[in-house]
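Shown here is one chain on its own, the form predicted on its own, set out as structure tokens.
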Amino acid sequence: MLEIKNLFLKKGDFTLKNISFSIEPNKYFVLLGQTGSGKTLLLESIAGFHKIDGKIFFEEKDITSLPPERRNFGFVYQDFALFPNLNVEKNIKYSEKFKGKNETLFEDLTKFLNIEHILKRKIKHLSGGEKQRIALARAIYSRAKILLLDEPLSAIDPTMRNEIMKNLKELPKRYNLSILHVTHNFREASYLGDFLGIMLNGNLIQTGEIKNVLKNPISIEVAKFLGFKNLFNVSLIGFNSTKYFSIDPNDIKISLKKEKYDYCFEGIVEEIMGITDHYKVFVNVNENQFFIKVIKNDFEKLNIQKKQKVYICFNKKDIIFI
């Protein structure tokens, strides 16, 4: 297991602030955050490229002071960092001078990643997707126990992205390793991750099993980052607290009359936006603006107009408390 304890690093005007989390064996951990949130700096710190305050443990051993080459981690950069003077096969086998040969692993890797037919090709003749698979193969062939992936899909053509994502998802169990993957892409994170960490401005705000984090943000800050809509103070629904609640736009019923729901508010239609198969309706309720998604056919039956009085209704079971 990889364990990070109170990692602190100041680099220029930017600071990683006492970050702590752990990655279990053979698990896929995704760090999700906007560009500039410190994800890559944290990845490089774990790899040993920066001197940090705090502790890093791997397999219960303190590796905080070990140089990168002794940590047994594989780092895959956003730009792949392949050796342009070596062909594909020699790039993958570069670690043989330090780790020795393993033909069984090499054959399995090249078959699994579908690169058997390009082993003699020069790096400059590869596509982005091919370069990514070579970089992954090189890292795994070095017998890395943890892969550190820095935005691994950002330079990949969209037509190749799904195939490489499938490869990535299978790596931990197939090759008995753990993965720490940093990205700003929500789709990547939700598909690949077993566990998720949310990074904002050098802080690791929330970690946990991916489904739990995506459905239950611990703060309004995380909820906004994850794209939660309709965020309001709970006093609006009768709670005496400083907490917030969110309601999915798809779980709100808009009607011309009061319906039998747990909560039903009278409001005024502020804006209507027609999309291909639905409408986005914005309704003001006591100076709070609700956003509602309405299926096209349902909306057209209601014949709602701007500035019209309507009711928006939802049930308690659909509320997410933050």
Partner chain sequence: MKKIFIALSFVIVAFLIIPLIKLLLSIHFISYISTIKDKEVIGSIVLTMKVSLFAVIFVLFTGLPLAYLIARYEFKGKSLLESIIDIPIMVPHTAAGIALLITFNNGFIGNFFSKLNISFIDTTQGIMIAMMFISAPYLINSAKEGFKNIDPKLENISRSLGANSFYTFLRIVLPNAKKDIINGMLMMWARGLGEFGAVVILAYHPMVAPVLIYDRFVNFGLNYSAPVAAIMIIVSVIIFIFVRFLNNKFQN
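Note that the structure is predicted; figures quoted are calculated from it, not measured. Positions refer to the first chain, counted from 1.
Just so it is clear, the following notes concern the form predicted in complex with the partner chain, a form of the same protein that is not shown.
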Original post:
Contact between Asp79 and the partner chain in the predicted complex at 4.5 Å, heavy atoms?
Top reply: yes
Original post:
Taking heavy atoms and a 4.5 Å cut-off, does Phe186 contact the partner chain in the predicted complex?
Top reply: no
**OP:** Evaluate Arg133 for contact with the partner chain in the predicted complex, applying a 4.5 angstroms cut-off between non-hydrogen atoms, and reply yes or no.
**Re:** no
Original post:
Taking heavy atoms and a 4.5 Å cut-off, does Lys215 contact the partner chain in the predicted complex?
Top reply: no
Original post:
Heavy atoms within 4.5 Å of the partner chain in the predicted complex: which of the stretches 204-212, 229-237, 88-96, 164-172 has them?
Top reply: 88-96
Subject >> Phe49, Pro84 and Lys124 each touching the partner chain in the predicted complex (heavy atom, 4.5 Å) >> reply: yes
Subject >> One residue of Val222, Ala139, Ile156, Leu113 in contact with the partner chain, assessed in the predicted complex (non-hydrogen atom, 4.5 angstroms) >> reply: Ala139
Original post:
Which pick from Gly274, Gly36, Pro68, Gly54 sits with a heavy atom within 4.5 Å of the partner chain in the predicted complex?
Top reply: Pro68
**OP:** Enumerate the residues of 17-46 that have a non-hydrogen atom within 4.5 Å of the partner chain in the predicted complex, in sequence order, or give none.
**Re:** Glu44
